[in-house]
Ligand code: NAD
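Take a look at this single chain in structure tokens; it is the form predicted alone.
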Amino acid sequence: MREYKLYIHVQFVGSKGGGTEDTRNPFDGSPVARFAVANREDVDSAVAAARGAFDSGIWTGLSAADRAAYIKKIGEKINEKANDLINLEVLDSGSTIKKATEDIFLSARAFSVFSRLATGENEREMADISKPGFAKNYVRYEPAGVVGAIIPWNFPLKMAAWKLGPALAAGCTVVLKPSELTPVTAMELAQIIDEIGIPAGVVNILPGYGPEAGEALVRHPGVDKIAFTGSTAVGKKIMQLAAEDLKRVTLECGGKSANIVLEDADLEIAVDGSIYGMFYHSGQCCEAATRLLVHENIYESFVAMLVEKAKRMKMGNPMERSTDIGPLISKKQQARVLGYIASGKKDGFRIAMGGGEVQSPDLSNGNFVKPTVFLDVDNRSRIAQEEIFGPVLVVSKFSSDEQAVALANDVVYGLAAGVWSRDVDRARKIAERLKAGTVWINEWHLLNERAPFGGYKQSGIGREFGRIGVEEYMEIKHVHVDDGVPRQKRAWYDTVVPK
């Protein structure tokens, strides 16, 4: 069993409170690793290290090219250690080995993308208001400062990359708090960062519990910005705490994404895409295709095709490449998802497949829930409105494009959506009316570090990825430079200044 300490100021140290926890394999409950649990004092130390590194200019004073070189090296090291990281991600998070393989590759790619974005233009002249002989005006994009980054358990290494990459590219220093449920690959990332010799204090990584370490990080006066991915409920709490000193925040929160299948869709690819959109990582994705809206003319045939194919998904050991559905992250999450299934049953919705806990003795020690499909679901019901974060699909029908859009938008979330149709122009018109930060047409789950990602409504604030995502970690400064205007020609000459 591996053991991990906190990573603060380029040192691996135990928690000041002496606390440790074991992370458990979601497949069989066996221990995976032991890690130090950060407390408030540890957060103080990490923020002090990040603050010192930022204020000293040891990171911001580097050229953009030099910062980019460090970021690129992180991605290269991830690729070098990919096999070990893949296995650890499976053991720690319950990801299938197919998903984990993709996640490690994408984590490395993210650092490569952000290394290139680190060299972007950070000063732009405002030509429309600059005038020779009067004034020059330009905008500067400057690093926001110390970032407190808090990430969830469903994509441990990838989420770490998605926070560290843009923050470092912008010139910020970072305190990263991975989830206490899945800290292993984040702590392996700490070792990689240490190996490449990044300056002291620039990156600090410490797992801990939200009510102590997370809250201490959000409220810390030495932190300038909070970047959070997780539930909407926790996002609201973070926003409240950050308001105490008006910290800047970006929040990527929950979703209840509508997946619209029009009557002219290619049914075979739409079925495959809907299964992938919903059951990837056992539904533990914020932008999963959890609400399937199908045109009434193809409803029965489409549902029959989907259920027949979904029943062939193999549930089992995530280390086996033949496994499609792995366990949920914890017994607590398993119980939560089963509670939603019970709610759907109580409301009387028809179950096309699944509907409970797995009874197989081979899987009895794991946190498994049968992939479940509810039919003819009322869009105002609990299972249609609330984020379940498990393998539970709710299906409803619609009769017109207008009704599909209305149903899709009738939730408090707005993270993602999708439309399946052979008529791309028709699908685009629907996409333009959907209140969601990402809309896929004839596709799902394809995110790219170059394209903005984030949510409408209670799915979050701000955007990640691309140049827009890097600028979320920057302050914007307008600079006006006088160009030698004589005293008597200045705009304020005849106002309050004595002649």
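Numbering starts at 1 and follows the sequence shown. Please read these numbers as outputs of a predicted model, since none were measured by experiment.
The form predicted in complex with nicotinamide-adenine-dinucleotide (NAD) exists for this protein as well; it is not shown, and the discussion that follows is about that form.
- Note on the interface: of 396-404, 108-116, 381-389, 294-302, the segment with non-hydrogen atoms within 4.5 angstroms of nicotinamide-adenine-dinucleotide (NAD) in the model of the complex is 381-389.
- At a distance threshold of 4.5 angstroms between non-hydrogen atoms, Lys177 is in contact with nicotinamide-adenine-dinucleotide (NAD) in the model of the complex.
- Under a 4.5 angstroms non-hydrogen atom cutoff, nicotinamide-adenine-dinucleotide (NAD) in the model of the complex has Gly210 among its neighbouring residues.
- Within 4.5 Å of any heavy atom of nicotinamide-adenine-dinucleotide (NAD) in the model of the complex lies no heavy atom of Ala200.
- Taking the partner from elsewhere, Gln334 is found to have every heavy atom lying beyond 4.5 Å of nicotinamide-adenine-dinucleotide (NAD) in the model of the complex.
- Every residue of the trio Ile150, Met159 and Lys237 has some heavy atom no more than 4.5 Å from nicotinamide-adenine-dinucleotide (NAD) in the model of the complex.
- Contact with nicotinamide-adenine-dinucleotide (NAD) in the model of the complex, judged by any heavy atom within 4.5 Å, is made by just one of Ser364, Asn87, Ser231, Ser130: Ser231.
- A single residue from the set Tyr70, Phe27, Phe453, Tyr456 has any heavy atom within 4.5 angstroms of nicotinamide-adenine-dinucleotide (NAD) in the model of the complex; that residue is Phe453.
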